[in-house]
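Take a look at this one chain, the form predicted alone, written out in structure tokens.
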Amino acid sequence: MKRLLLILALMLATAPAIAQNKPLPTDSIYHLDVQFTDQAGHTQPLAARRGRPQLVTMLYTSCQMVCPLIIDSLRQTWKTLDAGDRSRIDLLAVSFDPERDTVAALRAYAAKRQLVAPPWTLARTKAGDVRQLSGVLGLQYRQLPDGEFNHSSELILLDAEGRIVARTTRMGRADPGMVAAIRQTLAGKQR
């Protein structure tokens, strides 16, 4: 019996590593070769997020208009889930503005907005990678002459393999359709 339990424990411990060795689905955003640096200064490839569903958005921390609303919508969506589901999904917000959104700026924004890691990750990447990521996610943005950004405001759900499962433009409150999609994804059911 002990031997069987040991074998089972080893199988469960190695399951994530085995899953990581599987080829990515062709529609996974994790094919994109992008490196992120988070609010703690840790750098990792986007593909390192593989294995857990992600609720993703893009913003910039000096924004005074819609970006705080995006964060509030992300928080409200996450809080709508029960504790078990909240523990199984990560929240990722990537900056459109890597020039001003330094690690220190991301850390200060996270502290001000009480965005504790985990589940929250605020990240920055190189300007060219911002453009690639926004394109893959289907988000549009442009920098204005005054340094502000005009951009899409969306929450995007990725499954554990990095496929886009759902998206919402509803800001200011949790979108019931997005919450249902998250629950279905966490239950292993794709829409």
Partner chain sequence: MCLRHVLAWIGMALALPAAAADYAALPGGQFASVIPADGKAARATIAPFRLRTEPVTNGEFLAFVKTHPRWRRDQVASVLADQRYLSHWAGPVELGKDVLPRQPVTRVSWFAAQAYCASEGARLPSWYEWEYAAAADATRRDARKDPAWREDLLAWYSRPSSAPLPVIGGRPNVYGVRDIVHPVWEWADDFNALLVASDSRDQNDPDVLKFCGAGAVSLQEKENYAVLMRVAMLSALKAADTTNNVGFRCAKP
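Numbering follows the first chain given and starts at 1. Here the structure is a predicted model, which means the values were calculated and not measured.
Form predicted together with the partner chain: not shown, discussed below.
- Checked against the partner chain in the predicted bound form, the candidates Ala166, Ala160, Ala47, Leu139 yield a single residue with a heavy atom inside 4.5 Å, and that residue is Leu139.
- Residue contact with the partner chain in the predicted bound form: Leu69 places a heavy atom within 4.5 Å of it.
- Ile29 belongs to the set of residues with a heavy atom inside 4.5 Å of the partner chain in the predicted bound form.
- Contact annotation: Tyr60 falls within 4.5 Å of the partner chain in the predicted bound form, judged by heavy atom distances.
- A residue is said to contact a partner when one of its heavy atoms sits within 4.5 Å of a partner heavy atom; Gln35 fails this definition for the partner chain in the predicted bound form, lying far away.
- Figure note: of the listed segments 35-43, 118-126, 131-139, 49-57, the one touching the partner chain in the predicted bound form, with heavy atoms no more than 4.5 Å away, is 131-139.
- Contacts with the partner chain in the predicted bound form, taken as any heavy atom within 4.5 Å, map within 146-171 to Phe149, Asn150, His151, Ser152, Ser153, Thr169.
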